[in-house]
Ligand SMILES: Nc1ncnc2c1ncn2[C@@H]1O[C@H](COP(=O)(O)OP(=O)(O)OP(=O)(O)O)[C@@H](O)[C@H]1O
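What follows is a single chain, given as structure tokens, in the form predicted on its own.
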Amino acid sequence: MNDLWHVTALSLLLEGVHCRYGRHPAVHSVDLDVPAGTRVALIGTNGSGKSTLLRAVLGFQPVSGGVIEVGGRRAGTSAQWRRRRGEVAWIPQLRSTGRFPLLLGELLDSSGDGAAARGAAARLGLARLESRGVHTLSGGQAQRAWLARAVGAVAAGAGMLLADEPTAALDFAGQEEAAAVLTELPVTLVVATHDRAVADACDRVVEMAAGSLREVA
């Protein structure tokens, strides 16, 4: 990645985090301390709470208890959440491509550094697709598009990347390439994944099971 990027990796601290869906606990008593620059793979079965935990860091999922800090700061006000979402790049889980009104080029430009995002898109095989609607892309192409956007967000200054199953729709070669791009970024990385290539490229592996978290390696 570009050595000229001025990126400061950010720490992540979760203490006693609880999340609920109605009356049902989805995440309970989660503690996780991730020093700045560490790469963490978050594994576990579907429905174990991985996506909920990542979304809670960005404020997309309400927290019913506990503390979440990014770079030593908590978020509570609208301004604080806006700041956090600028500091933390995000690759959402893509269950289907759906109907997304943006063109690929527009999605890349929304990263904050369109040039870096477009460069990453070219590396990931999307160079001639920028005039295509995101909703017309295959699942694998859409995942590459969001990964390229995340690269642009990091180039724009985000010090952390949260990624939710970023390689699920990719073939083996695509998974290895995406893992390389993810782990080259000079940021703190927390990635929910079933992909061995991604997990093996991380510094730590933690597992979610029935809403709880435990260290694996």
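What you see is a predicted model, and the numbers here were worked out from it, not measured in a lab. Start at 1 and count along the sequence shown; that's the residue number.
Below: the form predicted in complex with the named molecule, not depicted.
- Proximity of Gln175 to the named molecule in the predicted bound form: non-hydrogen atoms within 4.5 Å are absent; the residue sits far from the partner.
- At the 4.5 Å threshold, heavy atoms of Lys50 reach the named molecule in the predicted bound form.
- Although the partner is absent here, Arg196 lies well away from the named molecule in the predicted bound form, with no heavy atom inside 4.5 Å.
- In the predicted bound form, the named molecule sits beyond 4.5 Å of every heavy atom of Thr183.
- The partner is not drawn, yet in the predicted bound form one stretch among 147-155, 65-73, 175-183, 22-30 has residues with heavy atoms inside 4.5 Å of the named molecule: 22-30.
- This chain is drawn without the named molecule; in the predicted bound form, the residue among Thr136, Gln93, Ser110, Gln80 with a heavy atom within 4.5 Å of it is Gln93.
- Of the residues in 155-178, only Glu165 comes within 4.5 Å of the named molecule in the predicted bound form through at least one heavy atom.
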